[in-house]
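One chain comes next, on its own, written as structure tokens: the form predicted alone.
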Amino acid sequence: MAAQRTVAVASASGLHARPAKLFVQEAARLGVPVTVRLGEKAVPARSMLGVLSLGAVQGTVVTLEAPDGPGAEEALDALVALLSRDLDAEEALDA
């Protein structure tokens, strides 16, 4: 059975541009094959085009899935924490 988490996208622009880039980079860094599901569509979390193709806007609830194995729970927790933050607001603070 796969590990699974649901989370609402917090970024003001949804999973577009900068938030999607940060999410994909973190998914790749974690090294666990995570899938992002929105409705019937599922894409690899490491795929920028895949993540962008979801069209997730602020407040959209997505499901993250990873096969059971070493690091799966930790990877999902880290990605949920990332999506729970408004990464667009953090960009404004960095400017």
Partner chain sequence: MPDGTGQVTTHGGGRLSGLGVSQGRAAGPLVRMAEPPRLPGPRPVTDPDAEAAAVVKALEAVTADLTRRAAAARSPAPAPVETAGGTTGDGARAGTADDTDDTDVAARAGAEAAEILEALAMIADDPMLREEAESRARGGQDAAHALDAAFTGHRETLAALGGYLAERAADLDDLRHRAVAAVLGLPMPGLPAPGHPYVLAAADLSPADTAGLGPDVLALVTERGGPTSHTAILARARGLPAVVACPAIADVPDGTLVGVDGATGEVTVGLTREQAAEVVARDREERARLAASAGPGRTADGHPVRLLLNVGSAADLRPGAEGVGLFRTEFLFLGRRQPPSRQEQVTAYAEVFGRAGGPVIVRTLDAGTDKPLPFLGLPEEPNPALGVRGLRVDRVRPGVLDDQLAAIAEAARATGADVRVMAPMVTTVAEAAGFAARARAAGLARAGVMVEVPAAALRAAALLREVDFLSVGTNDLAQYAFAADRQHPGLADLLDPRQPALLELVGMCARAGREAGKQVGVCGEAAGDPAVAPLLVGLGVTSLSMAPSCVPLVREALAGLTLAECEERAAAALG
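Numbering follows the first chain given and starts at 1. Note that the structure is predicted; figures quoted are calculated from it, not measured.
Separately, the form predicted in complex with its partner chain exists; it is not shown, and the next lines address it.
The partner is absent here; in the predicted bound form, the one residue of 17, 80, 10, 72 having a heavy atom within 4.5 Å of its partner chain is 17.
Though the partner is left out of this view, residue 44 does reach within 4.5 Å of its partner chain in the predicted bound form, counting heavy atoms only. At a distance threshold of 4.5 angstroms between non-hydrogen atoms, residue 50 is in contact with its partner chain in the predicted bound form.
At the 4.5 Å threshold, heavy atoms of residue 25 reach its partner chain in the predicted bound form. Although the partner is absent here, residue 55 is a contact residue: one of its heavy atoms lies within 4.5 angstroms of its partner chain in the predicted bound form.
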